[in-house]
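Taking the form predicted on its own, here's one chain by itself in structure tokens.
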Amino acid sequence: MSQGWLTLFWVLPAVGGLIALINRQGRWTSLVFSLATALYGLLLLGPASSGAWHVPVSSSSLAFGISYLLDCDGLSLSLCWLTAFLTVVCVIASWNKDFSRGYWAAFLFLESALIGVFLARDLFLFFVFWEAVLIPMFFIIGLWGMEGRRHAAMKFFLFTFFGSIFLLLGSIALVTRHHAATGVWTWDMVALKGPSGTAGILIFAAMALGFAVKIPLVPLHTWLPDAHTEAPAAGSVMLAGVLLKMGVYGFLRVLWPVFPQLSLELMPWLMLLAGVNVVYGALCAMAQKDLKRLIAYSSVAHLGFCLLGVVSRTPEGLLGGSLQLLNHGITTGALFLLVGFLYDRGHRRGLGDYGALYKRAPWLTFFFGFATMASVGLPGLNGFVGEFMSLIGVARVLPRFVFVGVLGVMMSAAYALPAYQSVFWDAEGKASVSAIVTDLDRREAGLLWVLCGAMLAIGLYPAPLLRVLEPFLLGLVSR
């Protein structure tokens, strides 16, 4: 594979977005190009299964060592395909909505920027794509969201832009110190080596802060519930399914390889931050009465769990945390879709607004229960595999933090299962609202069959995904 093959991966949806802006049939354009991108991503996964993980790269350097440099491995390709898959899901889920051409184009532009983030090997190019993600997501929330969409969009923009400033400053300082030590200007993330001492800690902290906003880590998380609550259902799917993965991906792609020794020394503190996320996110979810905000806070807890495994720097923890990134994208994406379908019918999201929906919407009840069980880590479904491997990794280095992980698993059941019971099984609630709720149509049920099928397949047989992830992650351990 050459640079051209990888370039086409992110250019294809960008071209589709431009066509969707000028084409009256924007939804058809977005469907065709999102499907084409997903199929192209599957073609690129072919070499991964045969072990051809690393793509040879060569690119002429621009000013100060900046290069157009793309690379891929199992981790980046799996996240790229997750992006492409969820984009198709979002387009089909929004099919019956009367959105303008800009809506359909925004999802393709968002897909293009996200794939660019996961493929970039040059740190400056990585930052450019990182910032490009902000633009379409801002408009998706601000133009096509709920009543408080403008406030939520501005809050999302300010928080993420704040984090990006520290990421940029840390990147510039890293490249400058590397040049001072070696005499070579480069932004290649493979070649960069972070300094030691106080300078290394400051640069690491600045870049980690930029990634922490995207995860998001407490107390930088307050933008997330508002953004999820006010975004359209498809926007919440992309936000939870892919955008939140960018922060953990930054730790894996940038901080661990560039600061291998420092990341080990700071492991207890990073694990403490991840543990706080797990417990605090779960406690906030327990206090919610709005179904969408509950799932939003559950994402704070689940991403903390992903980071908990990744921070352990053990093979099991790295594999489990990375696998959980993919699992969370599928499971939480399905939950936000289901909440969106429910809101379309009842125009409410309160836990006390519905009751005994199993009588009127049995398929909606079934799929919501299935996704909820996957979210709480029921053995046999995808959530269990990643959490179990993460806990094994944590037990190998800091066993006391296993208690935090187990507590997080129990707390997830403590907020998710009562919420599911309240909406779908309890007889209480406003009968007038429940009476107007209808069951899923074929298009909606088809999407959920695919998502729930993926949850079951990964839960029963995760080996193919683990083989995709292994080479890069085990390479981190060996270094």
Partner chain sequence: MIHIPSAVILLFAAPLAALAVGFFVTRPYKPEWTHIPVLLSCAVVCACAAYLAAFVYSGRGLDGTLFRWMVAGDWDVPFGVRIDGIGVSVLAMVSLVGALIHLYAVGYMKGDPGFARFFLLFHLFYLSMIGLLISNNYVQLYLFWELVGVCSYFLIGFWMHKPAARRAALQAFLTLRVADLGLMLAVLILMGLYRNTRFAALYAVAGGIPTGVLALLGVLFVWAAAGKSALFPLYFWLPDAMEGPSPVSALMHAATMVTAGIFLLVRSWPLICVVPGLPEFIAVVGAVTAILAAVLASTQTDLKRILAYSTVSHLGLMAFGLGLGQVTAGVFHLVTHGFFKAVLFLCAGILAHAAGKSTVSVSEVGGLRRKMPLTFLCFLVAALSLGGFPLTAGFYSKDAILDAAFAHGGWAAAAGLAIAAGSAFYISRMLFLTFFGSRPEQKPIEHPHEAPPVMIVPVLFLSAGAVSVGWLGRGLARMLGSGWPKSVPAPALEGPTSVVSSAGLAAAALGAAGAYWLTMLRPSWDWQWRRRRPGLEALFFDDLGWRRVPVACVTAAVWFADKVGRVLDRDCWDAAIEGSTGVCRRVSEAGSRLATGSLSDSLWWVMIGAAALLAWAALR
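Numbering follows the first chain given and starts at 1. Everything numeric in this text was worked out from a predicted model, so none of it was measured.
Although it is not shown, the form predicted in complex with the partner chain is what the next lines describe.
Trainee: Could you work out which of His221, Arg121, Lys245, His328 is the residue within 4.5 angstroms of the partner chain in the predicted bound form, going by heavy atoms?
Mentor: Only one listed residue qualifies here, and that residue is His221.
Trainee: By the heavy atom within 4.5 Å rule, which residue out of Ala205, Met267, Val190, Leu407 makes contact with the partner chain in the predicted bound form?
Mentor: Answer to the contact question: Leu407.
Trainee: Please determine, with the chain shown alone, which of 341-349, 83-91, 356-364, 208-216 has non-hydrogen atoms within 4.5 Å of the partner chain in the predicted bound form.
Mentor: Single hit among the candidates: 356-364.
Trainee: Does the partner chain come within 4.5 Å of a heavy atom in each of His151, Ile392 and Tyr420 in the predicted bound form?
Mentor: Spot residues vs the partner chain: full contact, yes.
Trainee: Can any non-hydrogen atom of Leu460 be found within 4.5 angstroms of the partner chain in the predicted bound form?
Mentor: Yes, contact at 4.5 Å.
Trainee: Indicate whether the partner chain has at least one heavy atom within 4.5 Å of a heavy atom of Pro379 in the predicted bound form.
Mentor: Result yes; Pro379 sits at the interface with the partner chain in the predicted bound form.
Trainee: Does the partner chain get within 4.5 angstroms of any non-hydrogen atom of Gly200 in the predicted bound form?
Mentor: Result no; Gly200 lies far from the partner chain in the predicted bound form.
Trainee: Does any part of Leu43 reach within 4.5 Å of the partner chain in the predicted bound form? Heavy atoms only, please.
Mentor: Leu43 lies outside the contact set for the partner chain.
Trainee: Just give me the residues of 152-183, first to last, that have a heavy atom within 4.5 Å of the partner chain in the predicted bound form.
Mentor: Residues within 4.5 Å: Lys155, Phe159.
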